[in-house]
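Starting off, we have a lone chain in the form predicted alone, written out as structure tokens.
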Amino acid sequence: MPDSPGGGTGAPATLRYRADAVVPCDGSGRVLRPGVVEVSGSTVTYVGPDDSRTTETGGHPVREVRVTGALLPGLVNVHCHSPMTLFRGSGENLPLDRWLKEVLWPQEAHLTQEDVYWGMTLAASELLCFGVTTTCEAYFHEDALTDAVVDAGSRAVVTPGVLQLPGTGSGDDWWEARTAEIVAFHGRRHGQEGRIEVGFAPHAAYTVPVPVLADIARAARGLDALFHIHLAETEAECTLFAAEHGQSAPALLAAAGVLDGRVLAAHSVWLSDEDMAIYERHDVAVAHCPQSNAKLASGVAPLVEFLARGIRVGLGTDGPASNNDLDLWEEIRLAAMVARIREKDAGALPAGAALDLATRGGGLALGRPDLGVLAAGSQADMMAVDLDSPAFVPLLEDGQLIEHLVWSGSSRLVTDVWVAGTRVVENGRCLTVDVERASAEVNTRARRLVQAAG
């Protein structure tokens, strides 16, 4: 049975995880060897060195759990379209605009709720086995997506997409109706199981009219919900937008009040100094997606400058149709590498800063300081990493563990994963998803979508 500190009546039992090492990712750079994490219900209550703490906490007995390896917080993927497992490998070697218009959007127009459920279910198993416990999802058929996340025992910020796909309607009434749908969805699903947060995801300033973006942003602010948008992803997009509107997309959106709430801007590759200053003034967070940006030849975002300016940044994989996987460990390493290439500095973005982007930094980018960190009061989302791998040899001092995690560690070394205190992966196997069935469903449905799109 999956580990869970809940059950029974009264205060939840406490589980004390004793690990060979604990890497809290709390901004301190600490490595606790050995370390202890205590969990009550779905919440972390204590993180510290293994000092032979007593078998009681506040007079309540605790259950000891031995963890071989290192305990880290679950990774936070701040920008993805995970149900796109249905389109993995479609439209390879095309630039973004052709890939969207010629391959992706024509297939997405034929999606059903069941398609999205199975696409997200398969993705959830992949994400969880990689140690990714939270995703920020921008997609359609949001009820089915949320059902899949809940069933898989994962955690997500679900931001329903706003985009007129081919054959899905037109006119102002469509935009208004879609916004109303998302507001109603927020009322139904926000907070479900303590693992679902709901926001809004209008696609981009070049696909959704700016007045509509302003209306959606207003609705998001009224609910204190995340406003999640693709912004400044390609040079061509930015050039065309400026030619049409006489200013950059960030400048126009700021003037229209779109950036006044909780805003997460995905990609943000092509920003001027003034654009970055706008991000600073409006506290816009960035979802940095280095692998997708590289694969689509979109460019390299100025990550080091973002961080120097105090802009909140988290890492995203983007969808498995443009990446093509959901492995955030690859993003950690690539983010550091391309930052060093861009800056021509081998010391740019040290390992600790790179790991932070996928943990604490990801939580902060979503406005969720309780995610991506092991600290009293944080969510009990954790992963265990096998330290017996040659990837961690030699380990001569504590600081080397973080270096090894970033430069030679990988998702294949994740052994166990917990979400909200419940074990969902054990010995590398997802406990909550029938992966064989999900794979078969996605394979069948993907074939149908290709045929439907002609």
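The model shown is predicted, which means the values in this text are computed figures rather than measured ones. Numbering starts at 1 and follows the sequence shown.
One more form of this protein exists, namely the form predicted in complex with another copy of the chain; it is left out here, but the text below deals with it.
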*in the predicted bound form, the residue from A265, L374, L86, V158 that sits within 4.5 Å of another copy of the chain by heavy atoms*: L86
*asked:* If the cut-off is 4.5 angstroms on heavy atoms, which of these, T179, Q164, N324, Q247, is the one near another copy of the chain in the predicted bound form?
replied: N324
_Please identify, from 257-265, 207-215, 339-347, 184-192, the stretch that has a heavy atom within 4.5 Å of another copy of the chain in the predicted bound form._
339-347
*Closest heavy atom of Y46 to another copy of the chain in the predicted bound form, within 4.5 Å or not?*
no
*asked:* I'd like to check something about F130: if you look in the predicted bound form, is any of its heavy atoms closer than or equal to 4.5 Å to a heavy atom of another copy of the chain?
replied: yes
_With the partner left out here, check for me: in the predicted bound form, does some heavy atom of Q291 sit within 4.5 Å of another copy of the chain?_
yes
_Taking another copy of the chain as it sits in the predicted bound form, is V149 in contact with it (heavy atom to heavy atom, 4.5 Å or less)?_
no
_Sequence-ordered list of residues in 386-409 near another copy of the chain in the predicted bound form, where near means a heavy atom within 4.5 Å_ = P390, A391, V393, P394, L395, L396, Q400, E403, H404, W407, S408
